Structures are given as C-alpha cells and as structure tokens.
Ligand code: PLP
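The data below hold one chain only, encoded as structure tokens and taken in the form predicted alone.
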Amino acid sequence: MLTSPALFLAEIRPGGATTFAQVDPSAPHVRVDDLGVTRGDGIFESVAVVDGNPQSLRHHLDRFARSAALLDLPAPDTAVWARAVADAAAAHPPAPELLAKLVLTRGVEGGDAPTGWVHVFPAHDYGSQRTAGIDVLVLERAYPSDVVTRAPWLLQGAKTLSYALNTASLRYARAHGADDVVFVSAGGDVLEGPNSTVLARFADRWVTPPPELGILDGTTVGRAFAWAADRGDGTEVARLRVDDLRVADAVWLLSSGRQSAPVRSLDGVPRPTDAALQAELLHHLLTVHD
C-alpha cells in the first residue's frame, strides 16, 4: 500500500458510530453519485501537521462540528476524528509540513450513510509568499454584513465543499496580477480571503474581523493572538474597513497551510511589510504546538 499520501476512510453507521481504517490512496473509494461530488454537499477542514504535530486540532474539530450542524449533517464524533488525524499523520512518511484534510459528505444520493475520510499529504511550498509577501485584490462578496441572521440558508460561516466561488475569485486575482483576495461585504466590511483569515496590526493592537459577519472562525489567528499577547500587545476581534487595511502598520493573510503571508500590496498599491516581525510570527506558528 502507498504511504504517501495517507488515506483513512470512515465507516459511519446509523446513530453516528464511526470507525476509520487505512486504505490504499490509489484505489477508488468515492462513488460518482456521492452528493459531495455532484453537489458539493459536505464539509471539510484542512489541518496543518508540522513535524508530526497537528496544529489547532481542537479548534478545527469544533469548527468541523459547527459546519456539520449548519448543514444538518450527522454530528461527527470529534474524538474519533482526532484519532484518525493522528493515525493518518503517523502513517505518512515524516515531513516538516503536511496537510490533513478531513471531509464529511451527505453520502450517496438516496442513501442514509455519510461519507468521510482523512487524507494526509505533503503541504504546498509557500516559502516565497511567506518571505516576499503577497499582492492582494479587494473583491466584493455582495452579501450584507448581517447575512448570517438574514439568510442562514446561504451557510456563511460553514466550511463547505462548495468552493467554486472561492477558486473563481483566486483565478480572477491571478489573471489580474495578484496572488490572493480579501472579500468585503456589500456594506464595506472586511471579511476574509477565499481560504484565509485577515489579520491587521495597528501599532501594538492586532485586529481580525468577527465571525458574526458570516466568515469562518479562523484557527491560525488564535495562535497568532496568543503570540501577540505574549509580546504585551493587545488583540481584538472587531470590524475593519478597507481604509483600515490601507493605513495599518502591517496586514497578513493567515491559513493552516500557508500559516502567515504578509500583504505587500492592496489593489496594486504597495504597502509596508515587516520582515523581522513576519519571521517571528511564522516561527511561532510553526514551532508552538497545541
């Protein structure tokens, strides 16, 4: 059996009892009529595994469970999923950085059993973006800031498999000379990236937008806030406008795989970065484990 990538497939029985078994990643496992494939009807999490240690795993699993509840999927047994992540990471050949992807779908159309798996594979090399920074476009998501309460069926704040709009925005950015995107609401509130959390520094105050705006509760930003607090700085979850990002001392996009990437331009306008601070933040994110 291939050991890279490592794949553990779930058997989810009525009532939610779940077991995982390692399977051959080169063999077929998902049916073509699985609703996760045909309709994006499912959820996922991507967990960084650094030197064999899953990062922010409890936070990821809590968010995984919240996403399942928003989609009316069976509640995942987070303890069982945590063991599957650990087993899959251990089964993969050692590497400095891996990514563990947890997936739960509604299962085969007409069936009553969800489909789930944990897939561990080598992480993408983000070295240049971590050091040189990234160019970012601001794009409108076109939802109001209170979309969560006004239209909960839009599933904002759930990490679903329906990612076509996110990947379309990244293609748009790259076609226009940028690396990534920051979404804003119809009312002008800064939201998040297609697969990242926004973090801004104003002197000794670090700010990230609130999940109440219909965005994901970032996992990496929690560890970044802990590091900032240890420095004696203040941390805050608060609304930001695009003009706030333009005047911030530094802006980052944070994510599980990339960890931290400083924003070096916003809508084509260069903005300052702090190489020493980025190196310190990245070192913390890569070396301090939960």
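Small disclaimer: the values here were computed from a predicted structure and weren't measured. Start at 1 with the first residue shown and count on from there.
There is also a form predicted in complex with the named molecule; it is not shown, and the following applies to it.
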Practice problem: Report open or blocked for the site once the named molecule, placed as found in the predicted bound form, has been superimposed by the C-alphas surrounding the pocket (blocked: 3 or more ligand atoms within 2.4 Å of a backbone or C-beta atom; open: none). | Solution: open
Quiz item: Does the named molecule get within 4.5 angstroms of any non-hydrogen atom of T208 in the predicted bound form?
Solution: no
Quiz item: Going by a heavy atom distance of 4.5 Å, is T220 a contact of the named molecule in the predicted bound form?
Solution: yes
Exercise. Verify the contact flag for S67: yes if a non-hydrogen atom of it lies within 4.5 Å of a non-hydrogen atom of the named molecule in the predicted bound form, no if not.
Key: no
Quiz item: Going by a heavy atom distance of 4.5 Å, is Y163 a contact of the named molecule in the predicted bound form?
Solution: yes
Self-check item: Stretch in contact in the predicted bound form with the named molecule, which is absent here, among 261-269, 29-37, 225-233, 247-255 (heavy atoms within 4.5 Å)
Solution: 247-255
Quiz prompt | Heavy atom within 4.5 Å of the named molecule in the predicted bound form - residue from N195, T131, T78, S169 | solution = N195
Quiz item: Of L155, A113, A95, L216, which residue is found within 4.5 angstroms of the named molecule in the predicted bound form when only non-hydrogen atoms are counted?
Solution: L216
Quiz item: Can you tell me which residues in 52-74 come within 4.5 angstroms of the named molecule in the predicted bound form, by heavy atoms?
Solution: H60, R63
